[in-house]
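Quick heads-up: it's one chain on its own, the form predicted on its own, in structure tokens.
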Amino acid sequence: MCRTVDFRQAVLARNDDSARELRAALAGRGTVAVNLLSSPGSGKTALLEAELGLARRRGVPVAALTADLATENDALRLARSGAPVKQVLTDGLCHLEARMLAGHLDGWLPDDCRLLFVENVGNLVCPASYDLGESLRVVLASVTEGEDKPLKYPTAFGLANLVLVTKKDLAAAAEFDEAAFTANVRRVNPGVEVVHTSARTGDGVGALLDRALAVLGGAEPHRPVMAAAPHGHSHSHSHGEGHEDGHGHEHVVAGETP
């Protein structure tokens, strides 16, 4: 008798095992990982650069790993903060996986690092289903992307510990409806905090760092049980293809510790 095996679920289950191992290893060294997800062009890199710079000024040992399909542009920008930064090129893979991340951290992550920010590939579909061993998952959306973004990507928003709205300074020009966006977030993730930010003006900068430091200090990350989402999506349904493993290329950039 033939038996059908859901390959995607097998891949996710194996990734979850790797994520648990990585989370435990990071906890053992006193490090909290923060997984940042967004669509391309959300302003994620600009906000992260501002948060890294603030952390450095406060004396918080931080590092950042950024993933991209093809360029080192984001790492070069983040390195301007003075924090250790590593670029991972995924060669077309649309997301990071826990085992891939662990491989890139091995031998690179500074011993004194307390907060590791992981800038995932710009994509709200595939990355949403992959636990990276993070203790805090943050989803970003810019005011130019529309108020219905949470309903279009319920898995990503539904599993977030924190939602950051970026480019607040453009809200009026984009005719962004803050109340409608927040209501849509609440439909897929009741109770999650929504913070409005602008890397350009500095509004809201520090909210991400403060939340990460709170988790580092033992606070609960606050991941509510995901509400029933439109179209029946849930965390157990992967929207992307499974991969046996990922092989991103490592590149050292300015600001990275040897």
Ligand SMILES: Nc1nc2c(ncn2[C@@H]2O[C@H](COP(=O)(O)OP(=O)(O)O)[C@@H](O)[C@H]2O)c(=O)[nH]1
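Not measured: the values here are computed from a predicted model. Note that residue numbering follows the sequence shown and begins at 1.
Another form exists, predicted in complex with the named molecule; not displayed. Remarks below refer to it.
This chain is drawn without the named molecule; in the model of the complex, the residue among Gly41, Gly30, Gly191, Gly217 with a heavy atom within 4.5 Å of it is Gly41.
In the model of the complex, Arg200 approaches the named molecule with a heavy atom inside 4.5 Å.
Using a 4.5 Å cutoff between non-hydrogen atoms, Glu147 does not count as a contact of the named molecule in the model of the complex. In the model of the complex, no heavy atom of Glu72 sits within 4.5 Å of the named molecule.
Using a 4.5 Å cutoff between non-hydrogen atoms, Arg77 counts as a contact of the named molecule in the model of the complex. Of the candidate stretches 50-58, 207-215, 22-30, 191-199, only 191-199 has residues with heavy atoms within 4.5 Å of the named molecule in the model of the complex.
Along 166-181, residues Lys167, Asp169, Leu170 each place a heavy atom within 4.5 Å of the named molecule in the model of the complex.
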